[in-house]
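The chain that follows stands alone, in the form predicted on its own, written as structure tokens.
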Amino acid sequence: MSYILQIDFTMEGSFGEEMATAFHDLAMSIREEEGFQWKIWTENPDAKEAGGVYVFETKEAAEKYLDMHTKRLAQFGLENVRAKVFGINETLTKVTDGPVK
């Protein structure tokens, strides 16, 4: 079973293409994390919120990444981090064309 990690936080700063440029190196480093499969980047400029939905191979990999990433976000001055880990019901996800293997 794969696991979803959902993270969001309040962010003062760039969104859209400016965010894409500013966070490109971060995106490249995320690709190298243990158990990482993919990420959808989320943003809501009106609410000044950003985050993402990640998929990891194991719950342990998702939790390990969350611990590291929460500390990294704090170094960026982002401390209002909300996160949840969910198991994926792969059978139902395949029925609705979700990207599971």
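One-based numbering along the sequence shown. The model shown is predicted, which means the values in this text are computed figures rather than measured ones.
Not pictured, yet referred to below: the form predicted together with another copy of the chain.
J.: Should Gln37 be counted as a contact of another copy of the chain in the model of the complex, where contact means heavy atoms within 4.5 Å?
T.: Close contact exists here: in the model of the complex, Gln37 approaches another copy of the chain to within 4.5 Å, heavy atoms only.
J.: Can you tell me whether Met68 touches another copy of the chain? I mean in the model of the complex, with a 4.5 angstroms heavy atom cut-off.
T.: Heavy-atom contact with another copy of the chain at 4.5 Å: absent for Met68.
J.: Would Phe76 sit within 4.5 Å of another copy of the chain in the model of the complex, counting heavy atoms only?
T.: Phe76: no contact with another copy of the chain in the model of the complex.
J.: Might Lys59 be said to contact another copy of the chain in the model of the complex, defining contact as any heavy atom within 4.5 Å?
T.: Heavy-atom contact with another copy of the chain at 4.5 Å: present for Lys59.
J.: Pull the contact list for 41 to 66: residues with a heavy atom within 4.5 Å of another copy of the chain in the model of the complex, in sequence order.
T.: Stretch hits, in order: Trp41, Thr42, Glu43, Asn44, Asp46, Glu49, Ala50, Val53, Lys59.
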